[in-house]
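Okay, so here's just one chain, in structure tokens, the form predicted alone.
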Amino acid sequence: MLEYIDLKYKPNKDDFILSYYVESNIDFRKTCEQIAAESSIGTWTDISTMNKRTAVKLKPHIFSIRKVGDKKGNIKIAYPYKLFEQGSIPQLLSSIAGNIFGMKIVKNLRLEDIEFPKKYVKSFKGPKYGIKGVRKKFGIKKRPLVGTIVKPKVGLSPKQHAKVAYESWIGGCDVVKDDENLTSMAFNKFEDRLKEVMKMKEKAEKETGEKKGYMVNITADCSTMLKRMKMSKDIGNDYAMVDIITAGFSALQTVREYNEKYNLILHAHRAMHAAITKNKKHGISMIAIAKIARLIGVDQLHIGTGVGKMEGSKLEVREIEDDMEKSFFLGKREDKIFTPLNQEWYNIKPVFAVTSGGLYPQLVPKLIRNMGTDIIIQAGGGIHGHPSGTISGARAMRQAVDATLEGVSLRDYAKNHKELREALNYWK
């Protein structure tokens, strides 16, 4: 059989670098060999159809092994560029995150990170707007964007939905989005909701003098998503939201391609990601998913908060944000589970990090301290659960942002801002 372990191998500029955490049911090195083989040109035994020329050109190399136990550890594999189709995320994942997860010899396997070579990066468009483009749309140069999710998630009629959006906007929210499981139901049809919310958006913009955004959820089968993109564009909306995991990366690539025509800001929700990312010993890391989303070309991506109700430590969330925002990400941390890789992004614009999940005004200072100001703060219950209602909830969240940016404690700021004061007293 071919030997894939080559600790003397030095990756070249066209190699894909993959970092995996491996737990084996048998000999560790043998399992690593099989992971490299199954994800590329090999199989479980010698085959007569293999030739030396193929092996030399296409064989991956396990160039780093760091064991943390008898049958577990981290490995890094360099894959030749020719193994992968340009501009195709499905083909890439079918190789590096495909059959290898189903092998009996693997007890646990986690795709930690991917380092894409320049030629592959150049085959994707990346975000159409990115952070600068979104900020330009809203005329907001430095502060975090403040947003909300219409609650309850489902159950409201189009007019009721629009009313909640309107109250959020006039209270101080910049953006309002649909929740991940609201698309087009009998009680709230997509086209009806879009029309009603856009009426209220126009009204709120006139009353506040601020630009507002509506992230309408277009998630569906691919052809329906494209129709919904057109509806959104035709009515004068700037946004389309996609549940990128449940819709699939192939569908996301199609949406991004058609967005050359529609010029919408693409908001990416990560619903279902934790089914893949939450187990730190098995699956795919959120940083790998985030890098794929940036490569394809979303403008905004939910990445967690580090302080709210959703999965993700402060350090992990910060690393994801850095990889989404920087033109070059340097992976510094190295522990027994997670080993981030470097990434040069070349022509690919930065992605606006969206923080959501259990946020309310008290958490804003910690959020900004950990993640900076290039974030979109999305609070659902933390706005609509305010004791004085949605308008006051939006005001309290905006006041918390203003206080933090001014370097004033929330308690001191609340002395002259009753909405924030009510929130601080309510959520203790």
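Everything numeric here is computed off the predicted structure, so don't read it as measured data. Numbers for residues come from their place in the sequence shown, where the first is 1.
Heads up, the form predicted together with a small molecule isn't pictured, but that's what we're talking about next.
Heavy atoms within 4.5 Å of the small molecule in the predicted complex are found in exactly one of 392-400, 23-31, 55-63, 379-387, that being 379-387.
This chain is displayed alone, yet in the predicted complex one of Lys153, Lys189, Lys281, Lys122 has a heavy atom within 4.5 Å of the small molecule; that residue is Lys153. Checking Pro158, Pro117, Gly357, Gly331 for any heavy atom within 4.5 Å of the small molecule in the predicted complex turns up a single hit: Gly357. Interface membership of Lys212, defined by any non-hydrogen atom within 4.5 Å of the small molecule in the predicted complex, is ruled out. Using a 4.5 angstroms limit between non-hydrogen atoms, His302 touches the small molecule in the predicted complex. Contact check for Glu196: no non-hydrogen atom falls within 4.5 Å of the small molecule in the predicted complex. At a distance threshold of 4.5 angstroms between non-hydrogen atoms, Glu180 is in contact with the small molecule in the predicted complex.
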